[in-house]
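In what follows, one protein chain appears twice in different forms, each by itself as C-alpha cells: structure 1 and structure 2.
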Structure 1
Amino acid sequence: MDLEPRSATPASSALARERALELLSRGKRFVLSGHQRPDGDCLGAQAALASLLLDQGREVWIYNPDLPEKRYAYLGEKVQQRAFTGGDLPLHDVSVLLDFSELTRTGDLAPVLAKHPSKKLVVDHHIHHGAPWWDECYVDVTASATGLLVRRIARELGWKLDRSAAQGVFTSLVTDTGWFKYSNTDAETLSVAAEMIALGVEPSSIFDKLYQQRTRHHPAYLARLLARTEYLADGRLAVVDQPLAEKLDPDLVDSDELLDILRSVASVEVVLYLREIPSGACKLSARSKTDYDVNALARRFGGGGHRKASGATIPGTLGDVRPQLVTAALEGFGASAPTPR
C-alpha cells in the first residue's frame, strides 16, 4: 500500500461517507483492526461492525496490536478479538481501522497492514493531522464515540442490529462518555443508548462487567498512585507519574478511573498521567475539563486525540520526559515551570 500523502475527499463530506458505505456493502472478507491497548470504544465498535458484517454473510476477523482486557471478553461472543502475534493476516479485501487514523498506532501490525493489497477504510471520531493516506473513510470528529458511527453506518445501509451488535455500540458509548457524564454526551448519544437498551442491552450487567470486577488489592494500588499526585499552577494542573520501578496492579490500565478522581477536585482543570514503560518511553494520558486543549499539548509530543482527552507515547525516561511535559503544560496556563523536585 502507498502511504505517501495524496489528495482525498474531506472526511466530513457526504461523498466520502457514500464511498465508505459502498466499500462496506460490496466487500466480502474483512479484517477489523484497532489501536494499541484497545479501549472500550475501539473494541465495542469492532464487535458491533463484526456482528453486522457477519449477519450480511461476510467473513470477518478482528486483529488488534494487544489483547483486550479481560473485562471486555463479553464483546467476543460472535467474533474472537485476537492479538496479532506475527505472520500474515487472513486473505481479505477490506481492512477497517476503527477508532484511530494513524497506522503507526497498530504497532507491529502496521507494516503487515500497509503491504496488504486490501482497501483501507478508516472509521473514526478523532482529529487527523496530515494528509489522508487511506482509500476511504467514515469520520466525524463531533461524534461522541466510534461506536456511534457504526450505528449510523448500519442505519444508512439498512442493516439491523442484533443484541450482540447493540452491546458493542452501547459499550462504545458508555466508555467514551464516562457513562454519559463527559461533555461529549449529546442528544444523539442518549437516543442511541436508549435504542440499544430496547434491543436487549442490560446497562447494569455491562456496568458490572466493566467496573465491578477488580481484585481486592486494586484500591490499595490506586491509592499508591494517587499519593504521587503533584498539584501545580495554583492547583489547576494535577500530575501523576508512575516510574517503571513502581510495580502496580496490571489491571489498572483504565486510566480514566485515576483521572476522574483527580478531575473531581474543584480547582483542577487538567490532569496528566505519565507512565514509564519498558520500551524506554513514557505513556501520557491527558484530560481537561475546561477549554484547555490537551490535544494540542499531546501533539507537541507526537500524540493526539480530542481537545479534552488525548494521549501520547513519548521517547525517553520519566526523569527526562516529565519536566518537558510539565513545562509545556504550564505554558497553557501562562505559568512558569516549577523548581525541579
Structure 2
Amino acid sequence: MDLEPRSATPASSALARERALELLSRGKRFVLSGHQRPDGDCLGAQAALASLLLDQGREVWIYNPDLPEKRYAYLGEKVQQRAFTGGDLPLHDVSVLLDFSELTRTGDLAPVLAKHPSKKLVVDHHIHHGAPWWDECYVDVTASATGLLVRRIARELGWKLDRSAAQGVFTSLVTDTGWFKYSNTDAETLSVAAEMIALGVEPSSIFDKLYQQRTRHHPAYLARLLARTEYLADGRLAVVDQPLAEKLDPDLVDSDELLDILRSVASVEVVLYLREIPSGACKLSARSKTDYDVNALARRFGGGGHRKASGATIPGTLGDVRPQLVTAALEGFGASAPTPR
C-alpha cells in the first residue's frame, strides 16, 4: 500500500530555508494559522513562534479555524488563541501556516488567506501532496514535530526562547511523539526537550494540564470502550468502534490513550478507532506499530497524517463505514475481508 505521489515535498532546500528565515526576520505583522481542530503540535508551534516574534517587537495574531480544546489554554497566555469567525483578518504582511500545508484545512479561513496579499509561509513536517502554492516554506518531514522546526528557526535567527516559547516547543514535542514513545523520538527531540526544561518547563505540570484533567467518569467510560475491542487478521488488527447510541461523551476519552492500550498487545500492528459522530459521519483514528502505512489507508477515506498516525472523517453511518474500512485495512496486510457477521 503506497499512495505517495511523486510530487511529495520531503524537505526544504537550504536555500529555501534561508528565504523562509528572511521572510520571518523582515516581516512586521504576522498572522499564524493552524488546521481545523488544532492539536498540541500545531498550537505549541504557534505559541512558540508567536512568543518569539512578539519578543522581537512584531505584531502577532493567532487565528485558527476552531478554538483549541480547553486543556491547551496555557498556550494562549502570551498571545491569545483566536477562532476565525468571519470578516477580515488584521492587516499583516506575513501569514504563517504551522503543522500543515493544505490551505483547505484552514476551513473558512482559506478564502480569506488566499485573497489576502500577505506572503505565505509554511512551517511543517508533513509530506505535501501536489504542487507548492506558498511563497516560502520551512519543511522537514524527518522532524518529530513542527515545534522542533520553530526551535531550529529560533536558533538560526539567534532569537532566544522564554519560558512561554519553551512551553510551546515542549508541548509540540510531546504531542507528536506520544510523549517520547514513538519511533520519531530522536536525539534532537530529547535534547531540545532537555533544553526546554532548563528554560523553566515542568514536564509533570504539562502532563497534568494535557492528560490529567479528566472527569471521574473517565475510567468507567474507558472500560466500556476497551470491552469493545475486536481482533482481526490473527490479532494483527485491533478495531474499536463506538456507535452514536453508546452516548460516550467524546471529550471524556482521549483517543491516544485508548489507542496506546490497544497497541500494547503484542500481536497488534494496526489499531483503528472508529467513532460515529452526530453529523452522519465517522471519525477514524488509525495507528501503526510497524511499517504498515496508516497514512495511505486514511487517504483512501479522504484523511491523512503520518505513516504511523493518521485520521479521517468519513461520511456515512458506522454500519456503512466500518466494513469498507476493515476491508481496506485488511488489504494492507494482504489478508482477505472477514466473513460478514
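Since the structure is predicted, the reported quantities are computational estimates derived from the model, not experimental observations. In this text, the rigid core denotes the largest set of C-alpha atoms whose superposition between the two forms falls within 1.5 Å. Here, residue number means position along structure 1's sequence, counting from 1.
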Inset, instruction - Looking at the two shown chains, say which is the form predicted in complex with a further copy of the same chain. - result: 2
Legend entry - Residue pair residue 218, residue 66: same rigid group between the two structures: no
Inset, instruction - Mind giving me the turn angle of the little rigid part against the big one between the two structures, whole degrees please? - result: 8
Legend entry - Core-aligned Cα shift of residue 278 between the two structures, given in Å: 4.6
